[in-house]
Structures are given as structure tokens and as C-alpha cells.
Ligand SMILES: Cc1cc2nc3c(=O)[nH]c(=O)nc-3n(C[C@H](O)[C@H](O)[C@H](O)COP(=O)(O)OP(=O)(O)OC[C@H]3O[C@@H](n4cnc5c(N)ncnc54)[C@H](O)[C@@H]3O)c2cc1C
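So this first bit is one chain, no partners, the form predicted alone, shown in C-alpha cells.
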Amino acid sequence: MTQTFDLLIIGGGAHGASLAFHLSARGVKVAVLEKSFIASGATGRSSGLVRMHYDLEAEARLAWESFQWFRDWKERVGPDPCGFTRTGFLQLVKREHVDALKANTHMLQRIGVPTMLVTAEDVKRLAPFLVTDDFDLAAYEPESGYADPVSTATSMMNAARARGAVFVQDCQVTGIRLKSGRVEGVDTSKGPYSAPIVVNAAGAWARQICALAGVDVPLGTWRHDVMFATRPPELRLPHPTVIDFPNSMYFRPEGGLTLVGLEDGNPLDEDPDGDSDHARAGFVDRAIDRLCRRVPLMERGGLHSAHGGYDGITPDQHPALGPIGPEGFWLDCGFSGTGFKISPAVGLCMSEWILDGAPKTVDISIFTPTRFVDGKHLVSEHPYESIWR
């Protein structure tokens, strides 16, 4: 028996949950179809950073809008917490990229983000245990920190369900039904679902869903490992969240642990159903070495655990958002490992685009997936040594 909805979302991560939340708030009858369980893909493996420092203004605006949701979660979403924890955030870059740092910080200030340039001496006062001899200036966001990705997705999905949305777990989409060039619904392991609009929010599996609709978009996969290290007694207090470009890593606190991720050496286009319960060989040694370069006291710490994860990635490492292919088929994917922190705003803007004909809160139309068909890539005016954001 076919179940009929106004709109179907494929994927139950933070972005699928956010879109369902915003659509259901406007009375749309929506169903979220998830092949496993909520936040079982990239969201469940996200490092959860909540900061606004981007080098592309549209993404910075999405991060700034989303931050205000994380900050005021109970009032905006509901009683289920998102786990937002304020730690302060430091963006470190190599000396040769200080002009880009200044330009990006000024852009962030112009759009309203609470951020400032601080000297290496200021950083030493903020976090005396950090090595600061390889940079002169840093960007500091005193209000930023991290949130719990699984709690965030679960909270938004629960709020959406309270407004009438349907969430279907263990529901593998096996086909997308088309008629006369437009979407009619999907076939799944739990039977057919009918709707005139289907949104692909399937993360690392997004390209497979695109293929079911006859859409060819250059969506790949990105493997990302993280490590949790126990801090020694000298570092028992929480520390700032840090993106450390000189060492190609980032780290943040989580209770008495420190989470560490590396930017380099992350394989592309692996099977997203590969082993994510364990980090790849050699990752932990590299992560420990780099963490101890920035925080020498961590030599007295220990390894708690490590795991991997997969996300979808695009050629320019910016999202693929908007309609493409048959009428009624939309993409909400390709976040390239940096999508969690912008998920509240992306869901809002996508709902505006779908229902009102244009995104209003932030103009996300520059992320149209048709840019790849046209051979165009998004490039910031002031990039660092890596496109990673």
C-alpha cells in the first residue's frame, strides 16, 4: 500500500532532520526515510564543532545563523538538548596566510559574527599550554564551541515528529519513480512512498540516490578518522576548540578527553559502507605527534579511543544544494566533512527555497549542483593553504 506525503527526505542525519523540522513547522506533510537509524552516517561521526570561521561568505552566514539556533536551542527547537558547549574557538594559520586571516575575520565581523584578531601573546594568555611560536596572529570567537551531533539530529527529528513528520528507520530506498520528467515517489525495502518532491540528504550515499533518479553529479566520499585522548591532570580543565592549519589538524575538549582530527591523508571515494569502527593504520601515531607539537603536556596523556567515518564530498568541497534533474528532485548533500555546524540554517533556507521559490534567510543558490554541469567551482576570495574549512 502506497503511503502519500507532500515531500520525502532520504537520509536521517542532521540535515535530513533539520529540513524535516523546518518543513513540518510550516505544515508540510513530510516523511524521512533512513536506511539505518538516526545519525548513523556522517552525523554520528561528526566532530561537532560549532564555529563561524569560513573563507566563503555564504557558508559563514549559514554558520552564523546556525550558531544562534545552537545558542538558543530550547527556545527555538524544544526541550531535547543539542549539547552545545561554549569553549571559545581559535583559528590558527601559517604566517604566510595572515593577510587571508585578516580579510576573512573582517568579513565575519561585517556580517555580525563575534570574532576578533588576537596576537600570539593573547593566545598564550588564553591557553598557556599551547605552543605559539609558529604564528603571530589568530582569530578568536569567544562564543563558539561544539555540540553533540546525535543529540542535535534527534532533537530536531523529535520536534518535527511532534508537528506531524514521519520518521521511518531501516528503510532502504531502492528506486525513484519518475513520470513525464518529474518525481512521483520512491520504492523502498518497506514499500512504496508517493510524493511530488524528493530531497536527497543521504550524505556519503548521495551519489547512489542520484543514480536512481538518473542524475549524474560528481559526489564522492571522504574518509575521516578521529582520536580521543585522555588529558593529564595538568590539563584537567577544558581548553578552547582549535583549528590548527600549521599542523593540519583540529582539536576540542569533551569532558576529560580531547578529540583530534587531521586534515591530510584522508582517502577519497572509498565505499561508505567500509569499516568506520576503527581508525586507519598509522592515524593515531600521526594524531598524537601533531597534538603534542601544539600541546606538549599531552605527552603525559593517553589514548582513549579512535574511529572513522564517511561523508559526501564535492569537487570544490562546498555543498550541493537545490534542484537538479527531474522536476521535484532536490539535493541537500555534499558537505565535505563540514556540514554539521550549518545544518540548522541549511534546513531553514532549503525549506524557504522549496516552499517560497527562493531562499531568504541566506542566499544558498550559489551552492546549486548545476554549477558542476556548467564546469564551475566555488572559490573563496581569501583561501588558506587548504580548501578545508
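Quick caveat, the model's predicted, so the values are computed rather than measured. Numbers follow the displayed sequence, beginning with 1.
Missing here is the form predicted together with this ligand; even so, the following discussion is about that form.
In summary, the region of this chain contacting this ligand in the predicted complex, judged by heavy atoms within 4.5 Å and restricted to 112-120, 81-89, 168-176, 315-323, corresponds to 168-176. Just one of F283, F135, Y193, W205 comes within 4.5 Å of this ligand in the predicted complex, counting any heavy atom, and that one is W205.
The partner is absent here, but in the predicted complex a heavy atom of L49, alone among L348, L49, I364, A60, sits within 4.5 Å of this ligand.
Within 4.5 Å of some heavy atom of this ligand in the predicted complex lies at least one heavy atom of I10. Using a 4.5 angstroms threshold between heavy atoms, R290 stays clear of this ligand in the predicted complex.
For G309, a non-hydrogen atom is located within 4.5 Å of this ligand in the predicted complex, even though that partner is not displayed. This ligand is not drawn, but in the predicted complex it has a heavy atom within 4.5 Å of H224. Residues in 352-382 all lack a heavy atom within 4.5 Å of this ligand in the predicted complex.
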